[in-house]
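Single chain ahead, by itself, as structure tokens, in the form predicted on its own.
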């Protein structure tokens, strides 16, 4: 997970914004204590969203306390929510390790050489994450399926964006629903699935130009045939990305009561507004890069 899923904070209630900040702070502190201190510099919005979602789905109470932040040099509100934080921090450690392994397979030259130095750190994060009770098989099996699909795509060119995204979506579906039963598990699984689908596809969209240059696997390049053709279908890609977050919101709404809780409002803000904003940021960045090239 790569940090795309974030709230649109100007549209949040003040109390909700403070709660989200407290959750992010609390997850940062928890990860630093239980995974590795370096994780405090690597943590991203996607895992903060996972923590909020897990806390809501499991009905875990969140309490806040005033703590001194060593990076902000002042006291701030920090959430305590050990169950949701253990899940988010644990899978953050596991995924960081496997993301680095994937990068080592894709990179060449100095980039690959540099990332080899990070492997001991990532291995330590993985070991610490296992101690939090994470089920590593929830990560490894979908990633193995994804690696097989990428190989198939490179050799035969017949892998669609939906097939590729399904692998990562199954991974996040398993994480979101872990430990839940019945209707709660079904809702969590569908919510997690569409988070993963969105993250995988928006990352592929963000990497279009880089993958076209390097020859790395990208499902949109296979689907449309070339970089220019993929870029010309930006509206179609935008629609499929926003559809995933709409399905997420409709599914999550099944468990909401007549009055939304602060966590409900945070989740809907991230899904409904944050998803659209993330797509706009990626497409805007691509358009800006294209405009700069045209000026040369």
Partner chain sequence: MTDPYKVLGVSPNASDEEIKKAYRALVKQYHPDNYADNPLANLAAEKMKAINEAYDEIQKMRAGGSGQTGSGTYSQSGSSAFAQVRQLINAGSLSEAETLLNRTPVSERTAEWHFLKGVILYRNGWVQDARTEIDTACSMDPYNSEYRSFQQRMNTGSTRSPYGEQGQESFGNCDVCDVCSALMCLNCLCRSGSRC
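None of these values were measured; they are calculated from a predicted model. Residue numbers count along the first chain shown, from 1.
The same protein also exists as the form predicted in complex with its partner chain; that form is not shown, yet it is the one meant from here on.
Visitor: Quick one: 134, 147 and 216 and its partner chain in the predicted bound form, is every residue within 4.5 Å by at least one heavy atom?
Guide: No, none of the three is in contact.
Visitor: Taking heavy atoms only, is residue 240 within 4.5 angstroms of its partner chain in the predicted bound form?
Guide: Residue 240 belongs to the contact set for its partner chain.
Visitor: Do residue 178 and its partner chain come within 4.5 Å of each other in the predicted bound form, heavy atoms counted?
Guide: Taking the distances in the predicted bound form, the answer for residue 178 is no, it never comes within 4.5 Å of its partner chain.
Visitor: In the predicted bound form, does residue 158 come within 4.5 Å of its partner chain, counting heavy atoms only?
Guide: The answer is no: residue 158 has no heavy atom within 4.5 Å of its partner chain.
Visitor: Hey, in the predicted bound form, does residue 265 get a heavy atom within 4.5 angstroms of its partner chain?
Guide: Contact with its partner chain, yes.
Visitor: Only one of 140, 183, 105, 226 gets a heavy atom within 4.5 Å of its partner chain in the predicted bound form. Which one?
Guide: Comparing distances to its partner chain in the predicted bound form, the residue within 4.5 Å is 183.
Visitor: Could you tell me which one of 99, 76, 124, 163 places a heavy atom within 4.5 Å of its partner chain in the predicted bound form?
Guide: None of the others qualify; the residue that does is 163.
Visitor: Within 4.5 Å of its partner chain in the predicted bound form, counting heavy atoms only, one of 77 to 85, 91 to 99, 205 to 213, 191 to 199 shows up; tell me which.
Guide: Flagged stretch: 191 to 199.
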